[in-house]
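Below you'll find only one chain, the form predicted on its own, shown as structure tokens.
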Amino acid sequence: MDEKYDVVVVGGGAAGLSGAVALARSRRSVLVVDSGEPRNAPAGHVHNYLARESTPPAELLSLGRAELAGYGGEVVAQTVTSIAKGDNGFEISLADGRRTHARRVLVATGLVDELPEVAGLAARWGRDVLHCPYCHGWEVRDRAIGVLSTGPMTVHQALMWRQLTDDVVVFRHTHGDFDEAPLLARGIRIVDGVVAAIEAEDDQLTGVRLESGTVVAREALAVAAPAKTRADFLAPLGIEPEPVEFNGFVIGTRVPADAAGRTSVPGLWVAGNVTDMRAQVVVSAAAGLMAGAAINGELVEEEAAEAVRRREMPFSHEVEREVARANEHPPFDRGSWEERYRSQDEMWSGRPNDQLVTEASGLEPGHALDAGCGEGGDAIWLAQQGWRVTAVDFSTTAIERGRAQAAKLGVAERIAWVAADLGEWVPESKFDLVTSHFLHVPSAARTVAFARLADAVAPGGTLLVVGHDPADTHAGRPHMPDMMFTAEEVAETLDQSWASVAADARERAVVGTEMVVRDTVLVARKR
């Protein structure tokens, strides 16, 4: 929740999960926030979903969540209360007070059916009080069906149900002004009077009771209830649902969007019933896929444009940009580092750090710990020299890149990758070499992490800690004193179990430039 995702999907129904899976399969980081209130929860089964016919709605969603998890997507059971747009994306607030961030947002929160106030009707909604002949018609074919007239859809709805049975009754109820001719021509009976209640016996609908007390035997009742979008939380963004009309009458609302789901707010997309009240489950799933693919395409174009800009940017300007960014948002937390890694295809050169090569080249290969491994340049080099390596970093994006590169270079079996926060992670074994380069965390967390790293060195092993020298005021270094330290400061924390401790500062040329910077280097050998 502290990370900035590529996409946050609001609503975990067919549309939301389908869009999320499409994005996760494109290696996007995706979080689905779902309140657990699907519109079709009362229904026993999903229909007209090719190869998933008669699947219970809850089972379909469970299968969808499992598919999403298989591609690295996440789901949190919570309700979104608001979405705010800033210069760098969206901030999403949840009902429990938590917040998360995203480059894009896909809203798939669906509809709420506004049922008529008839006693017993709501309790049977989705079971034998039905709204859609395509969703439920086959299951009540050849039965006695009633149609409750509540709006302009009465005639159309009654004729649709007549396709499935020859026993259809229309109850005038509160909307008696409709064209009777088509109904009578098709043998559909019309009953006057307001409906008071639904009769049921042994958990089965048995009839419809009028205010007069008359009960008309029926086995199912169709209701064309108006439906309202679940989108109130979008109002601060200027998104207002628009009415959906049928024959001049309003039958529901929708969030306006184009065919792909793009709204008037850049970066905000919608899919499923929230924008298309006619969409059945399979249609909503397809709309989610379309929106997910469109969002990914938009991000691809954005990233390509940024890559071109960075490629054409003079180095001095690039340094200034990175310094300004670092000064504004110190990269101490997991979310900031994830954002930095995801903003470009490759952050580091892939070459091992100079001080590691200098100090480890003369050591007998054993088991090494690379703490704060980043994209794995040091870990891969050690593996190539014959070391077994445990590589730890709290950026999952960096870990994935390191793992892929290790496999490409044929050393995957020699490296164990661990996604963990070094401020909390406790090594389970001892190492012949423990190395950490440029660990950018606040001083308090760094002290704890270095103490654990020192304790993880096996007898006779080596501790190598390299950082930015605080005295180095080169323009290419962001001015963040809290992430810099001296080797002497680290040496002061070591106890008497060390045979030798060397702390000094070394100059190093920056790859691809004429710059020379200073590293502070601690090399300690354990007794």
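Every value quoted in this text rests on a predicted model; they were computed, and no experiment measured them. When you see a residue number, it is the position in the sequence shown, counting from 1.
The discussion below concerns the form predicted together with a small molecule, not included here.
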{"query": "Interface membership of Cys135, the small molecule in the predicted bound form, 4.5 Å heavy atom rule", "finding": "yes"}
{"query": "Any non-hydrogen atom of Gly64 within 4.5 angstroms of the small molecule in the predicted bound form", "finding": "no"}
{"query": "Distance check, Ser35 to the small molecule in the predicted bound form, heavy atom within 4.5 Å", "finding": "yes"}
{"query": "Asp113 within 4.5 Å of the small molecule in the predicted bound form, heavy atoms", "finding": "yes"}
{"query": "Contact check for Arg230, Phe233 and Ala271 against the small molecule in the predicted bound form, heavy atom at 4.5 Å", "finding": "yes"}
{"query": "Contact residue in the predicted bound form, from Val155, Ala257, Ala279, Ala449 (heavy atom within 4.5 Å of the small molecule)", "finding": "Ala279"}
{"query": "The small molecule: the contacting residue among Leu31, Val466, Ala43, Met484 in the predicted bound form [heavy atom, 4.5 Å]", "finding": "Ala43"}
{"query": "Listed range touching the small molecule, judged in the predicted bound form by heavy atoms within 4.5 Å, from 118-126, 145-153, 429-437, 176-184", "finding": "118-126"}
